[in-house]
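One chain follows as structure tokens, the form predicted on its own.
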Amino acid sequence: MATFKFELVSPERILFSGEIISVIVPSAEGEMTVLAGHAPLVATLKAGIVFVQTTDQNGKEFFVNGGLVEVNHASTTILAEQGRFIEDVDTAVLDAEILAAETRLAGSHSEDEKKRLADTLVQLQEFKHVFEQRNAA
């Protein structure tokens, strides 16, 4: 199977860097799967899980909240506004993210910023619901 270079970078650290088979990305337009040789694109991210397939049998999951994904023929890079190993995420972490988004929204004065923050808040609330259902199974 063809592989390509992938990096997932958060403001704090590089969460992943290496050759992979595929990556599923939670873009604002919907989930997308990137394989080797994908057409170039740039997309915004929403809150969700990035699934990185490293081998035929193994993969890794990460939580991201906002940012950009850039895809070209040779590599894919995610610059996440926030990113964590999925093992470091629980409902308390998500509640804190939701509270922070609510606080930023309440203090915002720009209509564009209010819309962006309201969208982020909805995405976080939706992701928390999915995350809780997933962990209950």
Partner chain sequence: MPSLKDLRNRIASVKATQKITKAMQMVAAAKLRRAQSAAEAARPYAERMETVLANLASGVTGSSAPRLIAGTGSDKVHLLLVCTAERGLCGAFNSSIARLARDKANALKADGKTVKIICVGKKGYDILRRQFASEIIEFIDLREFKQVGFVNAEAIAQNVLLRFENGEFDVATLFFSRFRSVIAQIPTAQRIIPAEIPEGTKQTDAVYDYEPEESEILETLLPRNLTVQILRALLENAASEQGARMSAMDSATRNAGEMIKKQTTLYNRSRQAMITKELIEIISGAEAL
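As the structure is a computational prediction, the values presented were derived from the model and not from experiment. Numbering follows the first chain given and starts at 1.
Separately, the form predicted together with the partner chain exists; it is not shown, and the next lines address it.
By the criterion of a heavy atom within 4.5 Å, Thr91 is excluded from the residues contacting the partner chain in the predicted complex. When the partner chain is considered in the predicted complex, Thr33 lies well away from it, no heavy atom lying within 4.5 Å. At a distance threshold of 4.5 angstroms between non-hydrogen atoms, Glu132 is out of contact with the partner chain in the predicted complex. Using a 4.5 angstroms limit between non-hydrogen atoms, Glu19 is distant from the partner chain in the predicted complex. Of the residues given (Glu102, Asp95, Glu61, Glu70), Glu70 alone sits with a heavy atom within 4.5 Å of the partner chain in the predicted complex. The partner is not shown here, but in the predicted complex the stretch 1-24 reaches within 4.5 angstroms of the partner chain through a heavy atom at Glu7, Val9, Ser10, Pro11, Glu12, Arg13, Ile14.
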